[in-house]
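Just one chain is shown here, as structure tokens, and it is the form predicted on its own.
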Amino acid sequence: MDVRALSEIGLRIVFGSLGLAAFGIFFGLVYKGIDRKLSAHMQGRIGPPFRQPFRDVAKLFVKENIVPDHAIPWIFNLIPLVGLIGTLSILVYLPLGGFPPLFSSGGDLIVVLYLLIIPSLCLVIGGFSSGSPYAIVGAQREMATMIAYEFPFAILVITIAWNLLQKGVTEVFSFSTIASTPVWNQVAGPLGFIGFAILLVVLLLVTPAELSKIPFDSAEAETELAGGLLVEYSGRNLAMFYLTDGVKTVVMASIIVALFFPYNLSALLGLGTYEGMIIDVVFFLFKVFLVVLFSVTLIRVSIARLKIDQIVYTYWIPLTLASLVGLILVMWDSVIMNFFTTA
């Protein structure tokens, strides 16, 4: 490979990463604004304007950045930036708007699972480093929540990978492979359809915990812990945590779309290159909106905040059992259909 080709690849990676970062931040704030407006109307309130998240971030970046006396300053100031960069880095592994991932390998899904831990871990470290008793209690709750929801999420990933492997597909942990072979196209019978439907519901319920939204936000619980993990953060540090939350909203919704709804309209409508690209991007943004509506907005409006023991119980018992039921149904579906095929 010559120098020119290497430079072209380097420029593609640099500008692609910057473009994805801008995409994640912009639409993360857009969806936060939509979520706040819709939830307000559902509760009989007017709510803030859609552009309010942009105003909040702009205001926080010009506010004074206060470091508590009992904090560890360098950790306290570094962690928000690490969380934002870690969340933005997930976007380079996801297929967005009909475009392939910027980085693609055989283990994208595993890498994303590890990267998803970074923003939550940064919240925990930031809470401990602040020296506030409220933040420390919030950090302990966040750790318990992380441990709880990772298990059903892992079962879902294993189910999708196992099912692809049974169909003779290689690189089963690649988002490109999963997007080109949607799970609903792999279903051979009703048991498999029901199993994947259960797993979809589980993932929709894991999403609010990943995003620390009601009813799974006991780590922040404003009325109980005065903000918990973020009680001591202000200024640009709080703004970066705010941006991290917005980008992670886009990330989680994009993961659900990539795993369960990776369909595009351009091929179905027979559109040209540029028209097809525009339609696919708009359709992708609409799918992300629907995921945010059902997994974040409706849940936090209809269910009150749970206590930390209730959160752990919900993920370890009902949702883990539901994930296992989904896995078993998908396995039975494959075994039964193979039996009738070979009989």
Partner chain sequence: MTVLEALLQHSPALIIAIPLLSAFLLPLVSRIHAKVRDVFALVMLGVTSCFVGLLASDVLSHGPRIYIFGAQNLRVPLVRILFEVDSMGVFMAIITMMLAIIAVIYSWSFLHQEDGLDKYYTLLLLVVTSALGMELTGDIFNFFVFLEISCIASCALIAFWVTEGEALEAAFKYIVVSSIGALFVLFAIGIFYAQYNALNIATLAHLLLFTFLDKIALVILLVSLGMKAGLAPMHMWLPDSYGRAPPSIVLIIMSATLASFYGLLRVVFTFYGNVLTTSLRFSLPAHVVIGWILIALAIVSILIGVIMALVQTDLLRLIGYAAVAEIGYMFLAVGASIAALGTSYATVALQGGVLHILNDAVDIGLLFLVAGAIYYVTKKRSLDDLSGLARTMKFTTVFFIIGLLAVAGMPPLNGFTSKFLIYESVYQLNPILSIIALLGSILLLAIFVKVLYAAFLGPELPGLKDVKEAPKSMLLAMGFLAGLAIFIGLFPNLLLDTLVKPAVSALLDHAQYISMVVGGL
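Numbering follows the first chain given and starts at 1. In this text the structure is predicted, and so the values were computed from the model without any measurement.
Separately, the form predicted in complex with the partner chain exists; it is not shown, and the next lines address it.
Residues placing heavy atoms within 4.5 Å of the partner chain in the predicted bound form fall in a single listed stretch, namely 127-135, out of 253-261, 127-135, 208-216, 195-203. Looking at the partner chain in the predicted bound form, residues I34, F294 and I336 place no heavy atom within 4.5 Å of it. Taking the partner from the other structure, the partner chain in the predicted bound form has no heavy atom within 4.5 Å of any heavy atom of F50. A residue is said to contact a partner when one of its heavy atoms sits within 4.5 Å of a partner heavy atom; H41 fails this definition for the partner chain in the predicted bound form, lying far away. Contact between R55 and the partner chain in the predicted bound form is not found at the 4.5 Å heavy atom cutoff. Proximity of F241 to the partner chain in the predicted bound form: non-hydrogen atoms within 4.5 Å are absent; the residue sits far from the partner.
With contact defined as any non-hydrogen atom lying within 4.5 angstroms of the partner chain in the predicted bound form, the contacting residues in 56-85 are D69, H70, A71, I72, W74, I75, given in sequence order.
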